[in-house]
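Single chain ahead, written as structure tokens, the form predicted on its own.
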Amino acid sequence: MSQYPDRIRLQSLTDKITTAAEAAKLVKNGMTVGMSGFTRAGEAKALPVALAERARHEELKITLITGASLGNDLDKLMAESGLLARRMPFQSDAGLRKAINSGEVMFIDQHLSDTAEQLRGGSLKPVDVAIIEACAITEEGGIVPTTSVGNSATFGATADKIIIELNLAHPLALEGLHDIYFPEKRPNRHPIPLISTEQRIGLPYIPVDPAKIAAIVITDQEDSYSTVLPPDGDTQAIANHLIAFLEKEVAAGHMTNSLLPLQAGVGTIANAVMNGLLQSNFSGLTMYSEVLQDSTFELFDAGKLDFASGCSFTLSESMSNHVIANLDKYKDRLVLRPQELSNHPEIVRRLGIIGINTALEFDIYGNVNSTHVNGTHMMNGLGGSGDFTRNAHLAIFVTKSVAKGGAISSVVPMTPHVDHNEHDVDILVTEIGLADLRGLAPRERAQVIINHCVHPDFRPAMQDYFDRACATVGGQTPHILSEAFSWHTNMQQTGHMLGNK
């Protein structure tokens, strides 16, 4: 009788069970490692710790590719141990962020749909070792993921060796939730045959050659829980503005009361906006998104949401316990896909996604900065926001109008870093109001944004800047270059964007 017969169903693989320390020896200095995990869900738990421990005592540096950010402080642990030479395509850890901004770790910030394509196409160095968390291994050696898929399918297909972390903390009931599909090779690739959110087009496990499975490490550890904060007055106001806008779209006949499939970026504001739909009149909603947050299951429980397709679950402790306890109730209304499918431009354009993402700041012409403080210091990364923004039916960005107790305006004359340019952005929303930029020229956009999104404390100065730019400089997109970044330099010098205030 094999160990863990319900979890390891290919008898020959039981000989591969070992410790994390032994498995970590398969990773050599200079290797590229592909690791499961997407926004604090489904990451390997033991191998990162074992690799960081090795890095403290020997020369060991790796390029680490994941799906997105890792949980359990693992990015911090690996960065502080000196393990990471390069990291991609996303992160959200303060410790790793410090190492990136100091130049100790080279960070490659990517659209999350691109990484798998670049690995298959040879644009990135091949993965030497894949480390993938699983809740089971099938009779054929297929890997059943846990609470995220991310880039794990591509890592498993392309890596020379695979280490599986079999996590007993994740229930076997997760099996059947996943939909693993690989786009065909270029240049004669057929269309991806996905035409609705609830459709399944692939396998419920990651198919791999069992001969590549070099080690299996048994773990029993939960994912990190979401740190998303509950809605507040400002986020409720943002939600109210957006709901009123969508109601007008329905009244105009642009969509039905079920809207179009929804996508929401990870984080407090986007999650709170989705939570605001609980009080709306919309029903029969669907989601085609990356991360499924607490609001997804609140909408399920309220009878508002019919189906959700994502790449991972990132839930608070109470919601995680609720979902796992009621997985049978949700399972036929959920699917988790690889991130190149959850974010694929072809599918986003076909389904007509309503994309709702969070901005750090945006400028008066509609250019959005999602990633860099003062244009230089990385926060988290681009994530999937660009995949959705460029291709969505409606590309919406939300943010509070001010930050740091009112010292910082989230609307500025010119963003010092642009992740999403004005040509891709349709709607901007703050608690002050909503700016519909569709069909507007740059000068028209600027006035609508000033009128509807800028906080009253900053509006007179913003109006003055725009009026003087139009009068003294002119052009299609008026700017006074000597002043365009003055708000940011004021902040650096005085602690307030308008100077000594």
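All residue numbers refer to positions in the sequence shown, first residue = 1. Everything quoted here is computed from the prediction, not taken from an experiment.
Heads up, the form predicted together with another copy of the chain isn't pictured, but that's what we're talking about next.
Task: Region of this chain that lies against another copy of the chain in the model of the complex, out of 141 to 149, 307 to 315, 205 to 213, 367 to 375 [heavy atom, 4.5 Å] - done: Going through the listed ranges, the match is 367 to 375.
- [ ] Give a yes or no on whether each residue among G103, G122 and E346 has a heavy atom within 4.5 Å of another copy of the chain in the model of the complex.
- [x] Looking in the model of the complex, the three residues G103, G122 and E346 all sit within 4.5 Å of another copy of the chain (heavy atoms).
Task: Of A403, I201, A237, I108, the one that lies within 4.5 Å of another copy of the chain in the model of the complex (heavy atoms) - done: Checking each option against another copy of the chain in the model of the complex, the one that comes within 4.5 Å is I108.
Task: Proximity to another copy of the chain in the model of the complex, single hit among G176, G352, G95, G82 (heavy atom within 4.5 Å) - done: Spelling it out, the residue with a heavy atom inside the cut-off is G352.
Task: is_contact(Q293, another copy of the chain) in the model of the complex, heavy atom dist at most 4.5 Å - done: Outside the cut-off, so no.
Task: 4.5 Å heavy atom contact, L394 and another copy of the chain in the model of the complex - done: L394 belongs to the contact set for another copy of the chain.
Open item on the list: Would you classify Q476 as touching another copy of the chain in the model of the complex, given a 4.5 Å non-hydrogen atom cut-off?
Closed with: The answer is yes: Q476 has a heavy atom within 4.5 Å of another copy of the chain.
- [ ] Indicate whether another copy of the chain has at least one heavy atom within 4.5 Å of a heavy atom of I192 in the model of the complex.
- [x] Yes, contact at 4.5 Å.
Task: Interface residues of 404 to 438 toward another copy of the chain, as seen in the model of the complex [heavy atoms, 4.5 Å] - done: Read in sequence order, the residues that approach another copy of the chain (within 4.5 Å, in the model of the complex) are M414, P416, H417, V418, D419, H420, N421, E422, H423, D424, R438.
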